[in-house]
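Just one chain follows, in the form predicted alone, and it is written as structure tokens.
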Amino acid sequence: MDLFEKEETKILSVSQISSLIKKIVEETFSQVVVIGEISNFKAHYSGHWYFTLKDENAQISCTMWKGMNSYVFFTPQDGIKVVVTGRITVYPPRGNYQIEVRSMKPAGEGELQAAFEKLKRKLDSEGLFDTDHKKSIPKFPEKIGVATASDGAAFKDMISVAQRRFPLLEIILRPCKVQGEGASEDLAKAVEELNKLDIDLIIIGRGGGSLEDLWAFNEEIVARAIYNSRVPVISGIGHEIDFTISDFVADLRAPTPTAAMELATPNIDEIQSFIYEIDRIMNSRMDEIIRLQSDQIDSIMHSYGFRIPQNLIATKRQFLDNIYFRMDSSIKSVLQQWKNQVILLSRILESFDINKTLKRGFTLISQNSRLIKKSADLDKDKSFNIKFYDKMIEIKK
């Protein structure tokens, strides 16, 4: 329609012209990809996001509904350059237009790094990284809570380390997402839930990955959950070269998930060596005390002014014998207690040997790399494995 016809120009109402503009704009720009810098970002309590996308010459309002923004793996911040995909929509009551954003991603890894540094400075200024706030890690934990993916290699490695170093340990897994949609919220919730349990320590972590893969551990919601934890937290995220916001807030940072479990658990071999060393030291000390007492008696007996009757010598010798007897009894009692403890630990270690159990005629049934503990857990329509002492047999369906 030509709105500027020379003959009998048609007069339109405001609503009519607005509707025409809306139709033309929305049909023309039904799919746009725009790069710009975020400003005035607001996350509404309803879950929707409202912000402005700008460059040096212009700006445009943007809206991203809750159902769409749940797929964004990072929390947008003012000043971060992003690439958005969406459509242009017009709002006739106000006569303005905006981008209805369907997807968003950082314009590059540099933008993620900038967001990382910005949040790091903010939390550091608030004292979340202060050493005065960090809690000490227990030397002999009985229960450790782990927040990580249940099917990841990181958790399997942690289990292996715990069984080797301190098999008396009880591990409580709170499975959670470690990347992608909703991962940061799930990690924060996992820390809060583990704090409600009777545990001595929390390990939060995952295996290696890109900066984007590890981003959930750079979110403010996770950092504050770790900071507010009453239970000490060890972070073991990615590889040794990877650093996240969670590492700075945690009470102790480990370079990898495996190293986190090593730092969290004592080594039973070292405990046994310590007991043997104490035994040696106490025996040596006992011999030294006896020698000093004997030297003192010899000094008295050979002194120039020694005029003490024979019964005084006998009394001193008896006194020395009594000291020796009491010390010997006390030390033997303590050593026996330690030896009993070592024997108990050794027997418990032996009880963990699954091969001995299999030799007695038992078998292990697994399906999809998961141990089947009860009949209800077995999917009878799928193949499963039966492990005997000498070999593994696959039962195919």
Partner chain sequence: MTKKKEKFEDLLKRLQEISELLEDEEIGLDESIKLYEEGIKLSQLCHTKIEEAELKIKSLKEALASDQTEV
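Numbering follows the first chain given and starts at 1. Computed from a predicted model, the values in this text were never measured in an experiment. If you superpose the two forms and keep the largest set of C-alpha atoms that fall within 1.5 Å, you have the rigid core.
This protein has a second form, the form predicted together with the partner chain, left out of what is shown; the following refers to that one.
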Just one of I300, I313, A149, L168 has a heavy atom within 4.5 angstroms of the partner chain in the model of the complex, so which one?
-> L168
Select from the listed residues E262, D200, D242, E212 the one whose heavy atoms reach within 4.5 Å of the partner chain in the model of the complex.
-> D200
Going by a heavy atom distance of 4.5 Å, is Y71 a contact of the partner chain in the model of the complex?
-> no
Contact label in the model of the complex: T258 to the partner chain, heavy atom within 4.5 Å = no
Is there any non-hydrogen atom of A162 lying within 4.5 Å of the partner chain in the model of the complex?
-> yes
Using heavy atoms and a 4.5 Å limit, would one call Y227 a contact residue for the partner chain in the model of the complex?
-> no
Which of 121-129, 172-180, 323-331, 107-115 lies within 4.5 Å of the partner chain in the model of the complex, heavy atoms considered? The stretch 172-180
Tell me whether I275, I278 and M286, taken together, all sit within 4.5 Å of the partner chain in the model of the complex, counting heavy atoms only.
-> yes
Heavy atom within 4.5 Å of the partner chain in the model of the complex - qualifying residues of 182-196 | E193, L194
Superposing on the rigid core, is the CA of K139 displaced by 2 Å or more between the shown form and the other one?
-> no
Using a superposition on the rigid core, decide whether the Cα position of S284 changes by 2 angstroms or more between the shown form and the other one.
-> yes
